[in-house]
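Next up: a single chain in structure tokens, the form predicted alone.
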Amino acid sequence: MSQNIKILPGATVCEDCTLEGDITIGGGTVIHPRVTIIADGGPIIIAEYCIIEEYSTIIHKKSDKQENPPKPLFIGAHNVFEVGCRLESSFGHIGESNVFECRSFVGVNVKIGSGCVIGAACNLTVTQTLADNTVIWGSEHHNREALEKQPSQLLQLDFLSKVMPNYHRLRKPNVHKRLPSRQSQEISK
């Protein structure tokens, strides 16, 4: 499997994590130590301002009907993956502002909308689509619609991006935003 890890400026990615395959990490995203992200079934694109905590695992699995070129797994902005959660997906999109609580598991045939909460230790393995703002909780996987929007994680992201460099070795951003060329600026005038 070829390694093509792209870390955008502003992302905080600990060296002590496993990143395999074609992975793009958006600016403002924080990846803790001991995280595993494997792009086996195609590229993984993690949008801005996500938090991926220790021992979390994200796998883009190969599917039986693999397209050529393979579809990327796009993980929307402001998602939180708490300690020890696991996401295995062959689908192309995870919504925005979701919370995957501690030790939750989301299987291959589950589609996630936006604003969802997968409760602690909940295992979703049956083929299903979670509508926006769905909350799953308890050992019997009860569900309901969230009464209010998920709170912003921007204060926590800001704190982590300032504190983590003091305690962990970080991977440096390797993708830089290109400034428009002088020629294209002159044409637009």
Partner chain sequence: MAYLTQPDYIKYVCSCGQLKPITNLYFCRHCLKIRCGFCICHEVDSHYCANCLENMPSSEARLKKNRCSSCFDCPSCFHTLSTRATIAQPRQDPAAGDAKIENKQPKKMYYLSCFNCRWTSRDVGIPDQPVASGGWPERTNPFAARVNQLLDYYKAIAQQEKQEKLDRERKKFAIRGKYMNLTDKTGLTGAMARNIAGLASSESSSSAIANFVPSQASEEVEELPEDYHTQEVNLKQITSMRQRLRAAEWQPRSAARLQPAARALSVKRSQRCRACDHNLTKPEYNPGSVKFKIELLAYYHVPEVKIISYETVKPGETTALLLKLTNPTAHEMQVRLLQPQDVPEVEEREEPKSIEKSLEKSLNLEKDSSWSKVLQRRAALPTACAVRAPDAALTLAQRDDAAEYDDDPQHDTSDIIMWRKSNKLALRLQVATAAGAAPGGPARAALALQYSYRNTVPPAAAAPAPRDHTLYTTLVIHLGTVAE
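For clarity, every value in this text was computed on a predicted model and none was experimentally measured. Residue numbers count along the first chain shown, from 1.
Below, we refer to the form predicted together with its partner chain, which is not included among the displayed structures.
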{"property": "Residue among Val126, Leu154, Leu147, Val163 with a heavy atom within 4.5 Å of its partner chain in the predicted complex", "result": "Leu147"}
{"property": "Contact residue in the predicted complex, chosen from Ile38, Val35, Ile45, Val135 - any heavy atom within 4.5 Å of its partner chain", "result": "Val135"}
{"property": "Contact flag, Glu88 vs its partner chain in the predicted complex, heavy atom cut 4.5 Å", "result": "no"}
{"property": "Interface membership of Val110, its partner chain in the predicted complex, 4.5 Å heavy atom rule", "result": "no"}
{"property": "Thr57: touches its partner chain in the predicted complex, heavy atom cutoff 4.5 angstroms", "result": "no"}
{"property": "Glu101: touches its partner chain in the predicted complex, heavy atom cutoff 4.5 angstroms", "result": "yes"}
{"property": "Contact check for Leu8, Thr29 and Glu53 against its partner chain in the predicted complex, heavy atom at 4.5 Å", "result": "no"}
{"property": "In the predicted complex, residues of 68-85 near its partner chain [heavy atom within 4.5 Å]", "result": "Glu82"}
